[in-house]
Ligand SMILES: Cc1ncc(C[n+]2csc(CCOP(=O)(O)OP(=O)(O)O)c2C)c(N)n1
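Just the one chain here, laid out as structure tokens, in the form predicted on its own.
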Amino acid sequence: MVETRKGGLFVPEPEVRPGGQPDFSNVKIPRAGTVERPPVDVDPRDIRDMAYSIIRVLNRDGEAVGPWAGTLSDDELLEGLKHMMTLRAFDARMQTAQRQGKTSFYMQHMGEEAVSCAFRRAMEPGDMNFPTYRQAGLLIAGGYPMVDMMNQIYSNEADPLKGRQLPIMYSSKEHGFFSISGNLGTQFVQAVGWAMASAIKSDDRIAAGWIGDGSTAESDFHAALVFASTYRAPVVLNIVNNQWAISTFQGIARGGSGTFAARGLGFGLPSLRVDGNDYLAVHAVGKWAVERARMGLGATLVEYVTYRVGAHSTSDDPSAYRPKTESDNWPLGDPVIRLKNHLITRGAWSEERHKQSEAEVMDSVIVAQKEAEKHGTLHAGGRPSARDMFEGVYAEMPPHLRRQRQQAGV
């Protein structure tokens, strides 16, 4: 029955407030392996129902089942597990560094590691991601040096971006990671434009746009869908639905569409939902969508159903707007634990080896941190030169900037 009311503005409300009992009964989760895997060249009209289901590969026994299974070997999965463990250890050290005053700001990925780490392995060199601030796994899984990431976070003398970006707003053209924008939503439509340019050049490179559930309320999201569908841009449009924008539950942005993926149906795009805490499912869906784009079949909209375990950032207190125990009740579990259990089930891993690997990963992160801190932190050591603010904007510096640089004595 549709809720009605006489007069007044309807404002969506979350299922539960702080102090209440967490409730995810509205999250309908199909059994693993039950969602079909259509051919890559499927007509989007034939898979409209996939915008309302959830593609899952790992069942509760840690087994990979169904038509989306089998895209990765055990060795590749072990590598993926290490990527997620590295991102989690990196987060822990940088969160502590922020609390110690070594950087001004940080954002963790806890619970969402599989989304970016697995998707990155579905892409190829030369492809370009247009990420938000919670896809550092794209860099870690792509081999970008942790020391460079930390230098950028500390804004020290070795910061590859010369202090021009906020902490965690990385950029690396060589690693297919477009500069992060703090204005949310902008990069979704930019990804489509980049993909259109690739098609115009008859290149086979594809783009991937990233956006959070809250930012789908921005006009750039809808503009991206218009251009992607009209021009069949070779792009994968990724929505990371981690249930919460900052202080705001997802219902405000989702509106009456039912799911975020369903928004793609009105544009004629194939629209899928995937278990974002299932590394195997994320990779399989990412590979399917990437292949479709590279074949010239156009864009795909993918919604990753996951959960933001931690705060939105170090400037946020989630206990003010959601129950403290809510993450413990999230029905799709922890992506690291689920992949670990799968590999143990296959006989390719063990609890002992996992503990040893955790220690080794943390050691590697600490080594990288010590190296980065040799170059300085927010309040100590070397900093980028003030001269750098005048460089890298124009091919030839205009006279007024030359005068300003001279006046500044740099």
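Counting begins at 1, following the sequence as shown. What you see is a predicted model; the values in this text were computed from it and never measured.
Absent from the display: the form predicted in complex with the ligand. The rest refers to it.
Should G258 be classed as touching the ligand in the model of the complex when contacts are defined as heavy atoms within 4.5 Å?
Answer no; every heavy atom of G258 is more than 4.5 Å from the ligand in the model of the complex.
Indicate whether the ligand has at least one heavy atom within 4.5 Å of a heavy atom of E303 in the model of the complex.
No, E303 stays farther than 4.5 Å from the ligand in the model of the complex.
Is there any non-hydrogen atom of D275 lying within 4.5 Å of the ligand in the model of the complex?
Contact with the ligand, no.
Might S73 be said to contact the ligand in the model of the complex, defining contact as any heavy atom within 4.5 Å?
So S73 does not count as contacting the ligand.
Can you pick out, from M149, V189, A245, I140, the residue that has a heavy atom within 4.5 Å of the ligand in the model of the complex?
After the contact test, the surviving option is A245.
Just to confirm, with a 4.5 Å cut-off on non-hydrogen atoms, which of R134, R205, H83, R263 contacts the ligand in the model of the complex?
If I apply the 4.5 Å criterion carefully, the residue I get is R134.
From the candidate stretches 282-290, 159-167, 265-273, 208-216, select the single one in contact with the ligand in the model of the complex, where contact means a heavy atom within 4.5 Å.
Of the stretches listed, the one contacting the partner is 208-216.
Between 303-332 and the ligand in the model of the complex, list the residues on our side with a heavy atom within 4.5 Å.
Going through 303-332 in order - heavy atoms within 4.5 Å of the ligand in the model of the complex - there is one hit, H312.
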